[in-house]
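Just one chain is shown here, as structure tokens, and it is the form predicted alone.
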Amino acid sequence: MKRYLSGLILFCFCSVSQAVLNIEITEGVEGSLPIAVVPFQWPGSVKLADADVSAIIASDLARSGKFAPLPVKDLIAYPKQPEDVHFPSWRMTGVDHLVIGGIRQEPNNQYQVYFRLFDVLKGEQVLGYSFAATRNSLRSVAHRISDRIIESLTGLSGAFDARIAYVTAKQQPGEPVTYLLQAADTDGFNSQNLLTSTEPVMSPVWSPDGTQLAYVSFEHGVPEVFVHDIYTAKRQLVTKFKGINGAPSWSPDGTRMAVTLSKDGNPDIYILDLVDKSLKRITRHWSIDTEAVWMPDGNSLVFTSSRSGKPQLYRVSIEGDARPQRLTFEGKYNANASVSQDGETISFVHGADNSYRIAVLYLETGLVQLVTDGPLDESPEFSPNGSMILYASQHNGKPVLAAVSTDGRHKQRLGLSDGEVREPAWSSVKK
């Protein structure tokens, strides 16, 4: 529902302040691979609490849903070098793998972060790298190490050294709501406020190179699509046609953008060439066509349409020369698609019995699997490696972000300690 007609579906935000996202793993330890991450050796006597590299690695591994890190209090030893590791003792703890490492102070406030990953059962090293870092990049290096470990042990590309975007809002008594477009690391740290507005901001979506965000803003009283450079803070107004301008989606090569426009009367899907500004109409129907997202090959779009009477997902060629193919048939509401980078699965919002849940459609078989419990889950977004889905949900009556593995077994919740958060978007580019 994140992109479903910007002016027609608008969720209420209230009493929100800018804050770090707090992450709570709610399900998923059972069945995860046991691993031990030994606290890294730190130079000097003062340890940077907000850049505890080993703690960040353990947290990332747990949040991936693939691993169950051994609590630090249960570690049987604190080896710093390979020769310190006594494999028979570690085998008795039941862990499959062990991570050790440390941080060396270098001249000019530089650091060298090194780590080793061991297969405990085989008693041998699997991985070992060293990274240069500054004080400000220690957290990013920790995420990079997590990604290397995950890729080595699962074959999946890591997704933690990336950024997420989201919308929050803030309201003081007697004052209008202030909407904030923010970006942060995947664990909620290093938040960056990109835009502050007293009008709604919706549908943020990352450019393929991770340097820009497109979004819908109502700052001029009507929905318009903007592109925002997250490094220079420069903005560009992309569409301001009469009526609806909404649901932006970048093409895989970043040269085009699919948008929903009603300039010709009915909401339809168009493709805007970002280089020459030409516009191509893709759908022509009396129904509402919206929320288009690109397939990875750049040759077709998946979109939401009410042409069957209720919102359902369809696929259409960008040439617009063929009838759209209907993809979903179960339930009266299926909308707001996100396509995995391999193009094999689609996550979407499935509505039935007054409950909205995140579902996954496997394109090869047509099988649909529900992966969340509802009752108001929305805005699904695949992680770059396709193993998790970030989405908007509710907890204790408050909007929060949540993440679930594609099999529905591993779940976590991301919420502001004193407010609400919506509209997640996960960059596919590492920092």
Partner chain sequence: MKNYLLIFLMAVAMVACTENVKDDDGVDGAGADDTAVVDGQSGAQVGAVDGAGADAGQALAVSYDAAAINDANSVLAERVIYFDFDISKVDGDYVELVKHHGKYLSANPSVKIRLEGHADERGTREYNVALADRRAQAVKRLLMFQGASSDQITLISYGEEKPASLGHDEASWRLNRRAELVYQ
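Positions refer to the first chain, counted from 1. Predicted, not measured: the structure shown is a model, and the values here were computed from it.
A second form of this protein, the form predicted together with the partner chain, is not displayed here; the remarks below concern that form.
- Of the stretches 152-160, 73-81, 110-118, 280-288, only 280-288 has residues with a heavy atom within 4.5 Å of the partner chain in the model of the complex.
- In summary, among the residues Trp250, Tyr179, Tyr270, Phe226, the only one with a non-hydrogen atom within 4.5 Å of the partner chain in the model of the complex is Tyr179.
- Shown without its partner, this chain lists Val222, Val85, Val238, Leu138 as candidates; in the model of the complex, only Val222 has a non-hydrogen atom within 4.5 angstroms of the partner chain.
- When the partner chain is considered in the model of the complex, Gly101 lies well away from it, no heavy atom lying within 4.5 Å.
- Lys310 belongs to the set of residues with a heavy atom inside 4.5 Å of the partner chain in the model of the complex.
- Contact check for Gly265: a non-hydrogen atom falls within 4.5 Å of the partner chain in the model of the complex.
- In the model of the complex, Ser347 stays away from the partner chain, with no heavy atom inside 4.5 Å.
- Along 325-356, these residues reach a heavy atom to within 4.5 Å of the partner chain in the model of the complex: Tyr333, Ala335, Asn336, Val349, Asn354, Tyr356.
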